[in-house]
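This document starts with one chain, in the form predicted on its own, laid out as structure tokens.
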């Protein structure tokens, strides 16, 4: 629990940085006080070495006692205040903003935890649970899927009942909990440019899109030799071949639903470069939310997402 709390705050470096600045400031104040606690010497008054406006000088007198005592009192108050607040903070202290946040988070986490093992499909029928899931969605998911959950190029539409891994309620929950990573291989080094263009035209024809007839005929053979193991012999995707293949996430190429676009150029790009998860750029990946959100929140999120496609 503490790890998830710490993740919501800035790095601990900044706490140490600010604490260091405060400490240095207090020490500088103490140094100033010590240097100004000189006793008044007898004899002629001493003056400072610097001069302003040709003749203006000032006496080198110690600070008044009342001012020094007030300054010392202020420093003592500052140290006590920092210790009580606590300004420097400790991981196990039950005071301060971090501890208050921990208490509030723990309280609300208990509310969400009760949903952790509840059936997602059943929750999707409960308006209150769906409304809570929608609020979570609007907080954590709109950056990729949009506020209306219709997605954008590279980010799937969650309202159309077209699923790469299956649209069952538990499968949706698994996707949110564990994330998904693209596994479309790159064929740029395997197939020639003409072969890739041929298979792109064949794939377009599967969805009834315009395509070059000669290339479609040649592309069918290329598809059969290289693509059926994931997309199936009829191009209807991994899910159509049974649960054992569904985990591949290979899309149905016959329904005219496209994640990256249906133009010949986009299909050629996908075949050539693949759609594998690229850790350097975080492309083609659905992040895992289980550790960050906890299973209770994920269950509510899954219920909301599942309810979207059930409206169709």
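Since the model is a prediction, treat every value here as computed from it, not as a measurement. Residue numbers count along the first chain shown, from 1.
Beyond what is shown, the protein has a form predicted in complex with heme C (HEC); the following relates to that form.
In summary, among the residues 82, 121, 209, 191, the only one with a non-hydrogen atom within 4.5 Å of heme C (HEC) in the predicted complex is 191. Not displayed here, heme C (HEC) is kept clear of residue 149 by more than 4.5 Å at the level of heavy atoms in the predicted complex.
Contact annotation for residue 284: at least one heavy atom lies within 4.5 Å of heme C (HEC) in the predicted complex. In the predicted complex, heme C (HEC) sits beyond 4.5 Å of every heavy atom of residue 218. Not displayed here, heme C (HEC) is kept clear of residue 33 by more than 4.5 Å at the level of heavy atoms in the predicted complex. Only one of 25 to 33, 47 to 55, 66 to 74, 241 to 249 places residue heavy atoms within 4.5 angstroms of heme C (HEC) in the predicted complex, namely 241 to 249. Not one of 126, 131 and 294 places a heavy atom within 4.5 Å of heme C (HEC) in the predicted complex. Residues of 166 to 203 lying near heme C (HEC) in the predicted complex, listed in sequence order, are 166, 172, 175, 176, 180, 181, 182, 183, 184, 185, 187, 191, 199, 203, the criterion being any heavy atom within 4.5 Å.
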